[in-house]
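In structure tokens, the next block holds one chain alone, the form predicted on its own.
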Amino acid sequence: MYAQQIAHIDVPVKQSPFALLDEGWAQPVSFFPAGTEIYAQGEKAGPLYHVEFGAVRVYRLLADGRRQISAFHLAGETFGFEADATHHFFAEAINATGVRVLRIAGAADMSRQLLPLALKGLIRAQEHLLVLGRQNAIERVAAFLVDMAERQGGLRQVELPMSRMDIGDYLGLTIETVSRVFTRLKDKGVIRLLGLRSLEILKQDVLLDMGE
């Protein structure tokens, strides 16, 4: 963690899903500028991380130098779960991001709070594998957009903090293919592009059918 690039922000602990627990182990919110590493592959694991605002990408560098993004985490989501004492992926702020470190060692029994979060992460990872198993690029992108919309409250206007390259590295597609699919969905009237990082879903049922 690059401490010299991080500022602390006073965000009330009550915004965390662990607000009912002892506040002593919920640390102040740390600010990570875009592109800042939160933790690295191979580092010692332990605390969890709760996104207060912004977005985080979790990825691994492959032997050939390519990057494989395994997850995106948005505001209100918790990440950093590991099966052992070591981080197996990198975590990096996509944009200006506030993260609260949750130091759980020695805290009260939190199994009831942590288990649903861990299971939610597992389900999302399984769904990601199903998306990667699809041959059709349109199906992958459609499923991704449906997921992003659901995680933002089911609104028709969806914010995409990640770049097209990030989306490609998450879906196993090239940036050119991702851009072509976005253009095709726009031409079919399924979505309306509001900018590079924002769009409106015009035909939600069609997008759902494409992503199934």
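Everything quoted here is computed from the prediction, not taken from an experiment. One rule holds for the numbers: they count along the sequence shown, beginning at 1.
One more form of this protein exists, namely the form predicted in complex with the DNA; it is left out here, but the text below deals with it.
**Student:** Heavy atom within 4.5 Å of the DNA in the predicted complex: which of T177, Q68, Q152, Q41 fits that? Just give me the one.
**Tutor:** Here the answer is residue option T177.
**Student:** Which of these stretches, 30-38, 156-164, 142-150, 53-61, has heavy atoms within 4.5 Å of the DNA in the predicted complex?
**Tutor:** That would be stretch 156-164.
**Student:** Please tell me whether any heavy atom belonging to K188 falls inside 4.5 Å of a heavy atom of the DNA, as the geometry stands in the predicted complex.
**Tutor:** Close contact is absent here: in the predicted complex, K188 is far from the DNA, nothing within 4.5 Å, heavy atoms only.
**Student:** Check G172 for me: does it contact the DNA in the predicted complex (non-hydrogen atoms, 4.5 angstroms)?
**Tutor:** Contact with the DNA, yes.
**Student:** Taking the DNA as it sits in the predicted complex, is R197 near enough to touch it, meaning that at least one heavy atom pair lies within 4.5 angstroms?
**Tutor:** Yes, R197 lies within 4.5 Å of the DNA in the predicted complex.
**Student:** With the partner left out here, check for me: in the predicted complex, does some heavy atom of N136 sit within 4.5 Å of the DNA?
**Tutor:** Flag for N136 set to yes.
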